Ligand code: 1GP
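Before any questions on how it binds or moves, here is one chain, the form predicted on its own, in structure tokens.
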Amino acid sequence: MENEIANWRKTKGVLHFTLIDPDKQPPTEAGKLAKAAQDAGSDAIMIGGSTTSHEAADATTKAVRESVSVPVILFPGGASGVSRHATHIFFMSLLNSTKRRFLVEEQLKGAMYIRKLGITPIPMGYILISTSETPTTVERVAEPDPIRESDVEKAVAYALTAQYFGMQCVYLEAGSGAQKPVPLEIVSAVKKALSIVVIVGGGIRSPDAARQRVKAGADVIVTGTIGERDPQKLIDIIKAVKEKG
């Protein structure tokens, strides 16, 4: 299977993806957000949320797909997040979840549907990094084996597991609304250990935070809520990402 993100990375340099949660706005507004993100230089739109219904995911994906020309990648919390309107889907296992549901059960539910729809899967190891005193929504739902800010070796072990399973990328995620982004030491150590794409997201709210994680080795930076709250800051973050591209 062709590694599309790796190819995009070679062509465009360091990438920026915008994450849109269908639960946070109606589909029409999601379409406008996606268009604004594309105009600001975002390379793809991710769609997903921890508790999103199929109806919300499908309507939002349709609106986004009609509004942009960049890839639209599903980032589902479960099989209910699959939509026929997407171009790609992160077919992911939340590797440090303690629930079998997020390791393989939701994937089993969605696999045949994904093949039927012809959506391009991107195999991904999803790894939650705990950077907040209060658990984020995804941590409350997934009940992860915690990887704290000082657990660098543990994070690398999970990331290597993803690579050895044959996954095309790993996503180091602090979670939506995280107090702090994934630590630089973890990003750097994971990048040095792997030969696959490293995606970093959660808690990145400033150009400097994005720039530092690119310097540490991130191939893709993901931002979400900052684009909803402050469009100009999103533009500045994307510029910072592309400086190192």
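Numbers follow the displayed sequence, beginning with 1. Small disclaimer: the values here were computed from a predicted structure and weren't measured.
Not on display, but discussed next: the form predicted together with SN-glycerol-1-phosphate (1GP).
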In the model of the complex, the residue from G203, P183, P207, G31 that sits within 4.5 Å of SN-glycerol-1-phosphate (1GP) by heavy atoms:
G203
Identify which of P26, G217, G41, G177 has a heavy atom within 4.5 Å of SN-glycerol-1-phosphate (1GP) in the model of the complex; exactly one of them does.
G177
Which of 52-60, 209-217, 194-202, 65-73 has heavy atoms within 4.5 Å of SN-glycerol-1-phosphate (1GP) in the model of the complex?
194-202
Heavy atom of F102 within 4.5 Å of SN-glycerol-1-phosphate (1GP) in the model of the complex
no
Answer with yes or no whether G224 is in contact with SN-glycerol-1-phosphate (1GP) in the model of the complex, where contact means some heavy atom within 4.5 Å.
yes
Indicate whether L19 is a 4.5 Å heavy atom neighbour of SN-glycerol-1-phosphate (1GP) in the model of the complex.
yes
Within 155-173, which residues have a heavy atom closer than or equal to 4.5 Å from SN-glycerol-1-phosphate (1GP) in the model of the complex?
Y171, E173
